[in-house]
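The chain below stands alone and is given as structure tokens, in the form predicted on its own.
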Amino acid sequence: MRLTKYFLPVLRENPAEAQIASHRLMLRAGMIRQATAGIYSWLPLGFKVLRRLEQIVHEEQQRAGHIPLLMPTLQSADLWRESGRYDDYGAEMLRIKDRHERDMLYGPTNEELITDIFRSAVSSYKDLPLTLYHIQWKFRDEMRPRFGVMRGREFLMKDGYNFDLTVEDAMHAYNRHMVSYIRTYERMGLKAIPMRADGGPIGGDHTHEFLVLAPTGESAVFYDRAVTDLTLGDRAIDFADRGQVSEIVATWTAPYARTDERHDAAEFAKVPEDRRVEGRGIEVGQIFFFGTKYSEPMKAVVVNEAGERVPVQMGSHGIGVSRLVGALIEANHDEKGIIWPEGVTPFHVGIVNLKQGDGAADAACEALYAELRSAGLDPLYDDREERAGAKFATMDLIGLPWRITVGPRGLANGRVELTSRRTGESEEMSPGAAIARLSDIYRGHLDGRPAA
């Protein structure tokens, strides 16, 4: 992509309505535009990041053996009356009537609809276990939407649902999801800590939230610092191996880590004082086991080996995909702008031409652009007739992890400058060496491997 052909409506000044860094920077970087309170249009740069995150979620869900589908945004109120949640859910649910006066709702979640799909097609234990998921827009009518995409009314979410014969099987699904989520967040460059939490309107006593540490987080969190040292890296995982998956979950949940709703001061006091941390976190995902909460009232049953009809054991698992964009920025920014981790950046590298119109500089940038694309990388070429300072400011604001600067002086010596956005360090090298360095940096990200 060339910047002269792209739609990137950046703002010079901080928007008055933006209270936190992610909201401010997403507006300034031309990633989103507010349509109405709590609802945003995703402009090309923001949409590109959103799709990168969605791709990682899909890859890790399917790596764990989960099957994608797509359910509608509008649901019948009758299904929610079956489960007993239609009247209980509260004012966050947008209730509407169609032209035939039938009660409908804009789905805030999909437990009822997926249970209806399951019960219409599955009747035998031989078809279990089964986990279905989708990534779809949701709506919850927040009373006071704020903080941009962090607490909006319309949001993109991955929600998955497991159906199992026994509690033991369902707990394996729970553990499998926890491990897949840990890997998902690691690939995005995030440290997301699983913490014991409250079930809320979804239900269930066994639940963990995944929280990204940030001063602007909505939740107070209490944790053992040791949990932040844990990493999966490129460890090979057999998601069908219950022992392996259970061992990983035990390792991640052994250190104390709880949100304020489940905080136990006496238990926390047992953590060595130098490892006790109190802070705030941004919720980016949650997993639930709720057993037969939906299958019993909605009669989602299967025939077991003994010929008995039994309700299936269920759980649900969500990742806030659009919220993750805000969380990533809260965790990765400075006074100049965003700093994208390599796994989620909208473009892999920015090319800055210091002297647009100079024959040698133009030719070198065009060659770099073509060779980077041939190497499987996605560059953004700033080919505007603009001063160097403005080009650097734009690149810093939108946060691409790497920048190649091309100018007549460096080209006279056969050199370009490769700069890291995160550290600010620059190194002069040949154009070929810069391409080779970037190809090496992005190799794992491009083929979908977990970060080493």
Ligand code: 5CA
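Heads up: residue numbers just count along the shown sequence, starting at 1. None of the values given here were measured: they were computed from a predicted structure.
Just so it is clear, the following notes concern the form predicted in complex with this ligand, a form of the same protein that is not shown.
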- If we test each of 382, 283, 164, 330 for a heavy atom within 4.5 Å of this ligand in the model of the complex, the one that passes is 283
- Candidate from 222, 347, 288, 340 lying within 4.5 Å of this ligand in the model of the complex - any heavy atom: 288
- Location of this ligand contact in the model of the complex, chosen stretch of 222-230, 239-247, 303-311, 142-150 [non-hydrogen atom, 4.5 Å]: 142-150
- Query: Mind checking whether each of 109, 157 and 160 has a heavy atom within 4.5 Å of this ligand in the model of the complex?
  - Reply: yes
- Item | is_contact(residue 323, this ligand) in the model of the complex, heavy atom dist at most 4.5 Å | yes
- Message: Taking any heavy atom pair closer than or equal to 4.5 Å as contact, tell me whether residue 351 reaches this ligand in the model of the complex.
- Response: no
- Does any heavy atom of residue 319 come within 4.5 Å of a heavy atom of this ligand in the model of the complex? yes
